[in-house]
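Only one chain comes next, encoded as structure tokens, the form predicted on its own.
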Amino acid sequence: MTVRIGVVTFPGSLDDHDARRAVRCAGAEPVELWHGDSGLHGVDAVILPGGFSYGDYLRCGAIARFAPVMSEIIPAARRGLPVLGICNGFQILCEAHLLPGALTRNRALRFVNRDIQVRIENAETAWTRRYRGGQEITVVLKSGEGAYVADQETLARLEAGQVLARYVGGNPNGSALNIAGVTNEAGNVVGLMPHPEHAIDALTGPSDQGLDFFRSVLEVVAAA
């Protein structure tokens, strides 16, 4: 069985090529999805990559949330389709109300671009099954609006198991509770501010520790 993972390209996406490469390295077939598509072409999972969709006008992800392809992704995600949003993709998932909270300007009002360590807090999602709970990995963070915020009730609810990953060794953007990523209650929709697709081999990234995000979903789809 060949697992087919769709990678959406919005106007302004810039990490879609890297996401497709990560999908190939994990052993799946990447499928190009265009923001104007009216269908998902039978994919088994979807990745919303990083970048600056629609120029980040209004708010990051605010316009992309209304792209035609999102009218297919949103109901499919609610039915259980695995969806991963990376950086700008995380912002889009929050704007689409598939994930709680929002991403705002970094606390220092500066773009952050560096290797970062995160701790996997939830290893039971469709995208983190190959990790151990508490495992620390090195990936890449590059964002100007990566500070995760939510009201206190939402943060308390997230602490019960929906925090996907936290920054360790310092909070680079001012995120509440050091949150680097969250998941929905079902565990099929995941948002992550750092970029695992830039850490799939030691030659081109700081590590190969991001590859298991993509390998995890392969195992989940194959077992379904």
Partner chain sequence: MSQDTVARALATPDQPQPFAELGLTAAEYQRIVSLLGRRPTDAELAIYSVMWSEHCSYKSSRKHLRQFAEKAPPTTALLAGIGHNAGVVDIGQGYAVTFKIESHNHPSYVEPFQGAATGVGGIVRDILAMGARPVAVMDALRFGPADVPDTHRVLPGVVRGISFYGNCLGLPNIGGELAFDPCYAGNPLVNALCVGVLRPHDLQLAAATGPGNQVILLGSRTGPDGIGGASVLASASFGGDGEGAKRPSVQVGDPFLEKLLVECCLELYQAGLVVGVQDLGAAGVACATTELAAGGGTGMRIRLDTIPLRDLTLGPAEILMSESQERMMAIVAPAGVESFMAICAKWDVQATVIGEVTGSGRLEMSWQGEQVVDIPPASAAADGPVYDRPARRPASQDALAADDPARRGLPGDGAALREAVLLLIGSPDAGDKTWVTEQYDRYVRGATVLAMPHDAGLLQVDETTGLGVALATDGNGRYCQLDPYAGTQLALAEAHRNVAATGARPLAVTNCLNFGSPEDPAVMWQFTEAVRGLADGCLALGIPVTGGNVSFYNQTGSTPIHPTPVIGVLGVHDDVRRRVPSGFTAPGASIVLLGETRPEFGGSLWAWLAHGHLGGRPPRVDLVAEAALAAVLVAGCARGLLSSAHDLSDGGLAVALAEACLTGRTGCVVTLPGEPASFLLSESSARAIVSVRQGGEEEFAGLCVEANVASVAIGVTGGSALAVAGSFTLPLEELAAAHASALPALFG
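Numbering follows the first chain given and starts at 1. Remember, it's a predicted structure, so these values are computed and weren't measured experimentally.
Heads up, the form predicted in complex with its partner chain isn't pictured, but that's what we're talking about next.
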(request) Consider the chain as shown here, without its partner, and state which of Ala102, Ala123, Ala76, Val140 has a heavy atom within 4.5 Å of its partner chain in the predicted complex. (result) Val140
(message) Although the partner isn't part of this model, could you tell me whether Asn113 comes within 4.5 Å of its partner chain in the predicted complex, counting any heavy atom of the residue?
(response) yes
(request) May I ask you to check whether Phe66 falls inside a 4.5 Å heavy atom distance of its partner chain in the predicted complex? (result) no
(request) Verify the contact flag for Ser13: yes if a non-hydrogen atom of it lies within 4.5 Å of a non-hydrogen atom of its partner chain in the predicted complex, no if not. (result) yes
(message) I'd like to know whether Gly27 contacts its partner chain in the predicted complex, with contact meaning heavy atoms within 4.5 angstroms.
(response) no
(request) Among 154 to 162, 181 to 189, 38 to 46, 195 to 203, mark the stretch whose residues have heavy atoms within 4.5 Å of its partner chain in the predicted complex. (result) 195 to 203
(request) Go through 43 to 64 residue by residue and record those having a heavy atom within 4.5 Å of its partner chain in the predicted complex; state none if no residue qualifies. (result) Phe52, Tyr54, Gly55, Tyr57
